[in-house]
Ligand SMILES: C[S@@+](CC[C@H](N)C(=O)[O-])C[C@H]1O[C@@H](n2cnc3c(N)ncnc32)[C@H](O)[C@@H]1O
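Coming up is one lone chain in structure tokens, specifically the form predicted alone.
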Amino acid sequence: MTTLENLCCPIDSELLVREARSLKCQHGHTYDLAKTGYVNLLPVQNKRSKDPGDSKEMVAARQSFLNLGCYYPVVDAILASWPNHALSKDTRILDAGCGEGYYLDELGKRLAFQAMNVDRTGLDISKWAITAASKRDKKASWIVGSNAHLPVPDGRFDAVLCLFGFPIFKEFSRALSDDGLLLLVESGPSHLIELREILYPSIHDYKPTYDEGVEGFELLSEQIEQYTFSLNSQADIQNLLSMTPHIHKASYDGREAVKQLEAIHLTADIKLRWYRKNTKENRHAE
């Protein structure tokens, strides 16, 4: 259910209280809810640009592609890999860098089917992404904000999901309850390899991330999810390209070559890593 509760003022970190269509802190800072129900908790001083994050056009492309269901197996993998059957109706989930809300929405649908209407919150730095998310799913709470300064009190969530995003581990740890869970989802070495081979004259060697671990967290599990899917129109191919870093990194010639495609068969190579927040108690137990 959407609550927009237990949030903090991004200016002074005081708790926010809901008053009609606004959230207010004790010092009078006020944040109005948008018509679609989200709240913007990204103050000007925390912005690195006038309009940070994905543009309106990028969000539309991402939404069109994800709605095809090509990444739905990622949702299956998240639920199947959730550690120790710790997911329950009382679980509080943050999708940090939620984009236009596809994954949190799909998780909510799957959990509701199991009679688990969990507390779901999505946060993204792009107001366009959060606007789209708040139209997609009315049962989650949506926030414009930054992973670098999560506008939530300590211990607010039981699980933080960072899916193809930019993790800020210190903030994730602060926002997690004791023994809270963190999920990192990233692309593997063969992800979209067929597209990349068209875009680039050569493919760089894959460099694993966080192979020496993550400070403050214990790695619980790691798995690879691989499957194939096809795109059968130039529009779908361009929507996929627009939601990847390759739209900016690839050469003009590579992007022009992709424009000549009418269909492409692609490999999805996804790495899922679950971590547990380390507290003094569980470190001592080990």
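Because the structure is a prediction, the values reported are computed rather than measured. The numbering used is simple: start at 1 and walk along the sequence shown.
The following text describes the form predicted together with the ligand, which does not appear among the structures shown.
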property: Every residue of G180, E218 and N278 near the ligand in the predicted complex, heavy atom within 4.5 Å; result: no
property: Contact residue in the predicted complex, chosen from Y200, W82, F169, F164 - any heavy atom within 4.5 Å of the ligand; result: F164
property: Candidate stretches 24-32, 257-265, 227-235, 60-68, one within 4.5 Å of the ligand in the predicted complex by heavy atom; result: 60-68
property: Interface membership of N147, the ligand in the predicted complex, 4.5 Å heavy atom rule; result: yes
property: Heavy atom of Y103 within 4.5 Å of the ligand in the predicted complex; result: yes
property: 4.5 angstroms heavy atom contact with the ligand in the predicted complex for V160; result: no
property: Partner proximity in the predicted complex: A133 to the ligand, non-hydrogen atom cutoff 4.5 Å; result: no
property: Members of 78-113 lying within 4.5 angstroms of the ligand, judged by heavy atom, in the predicted complex; result: G97, C98, G99, Y103
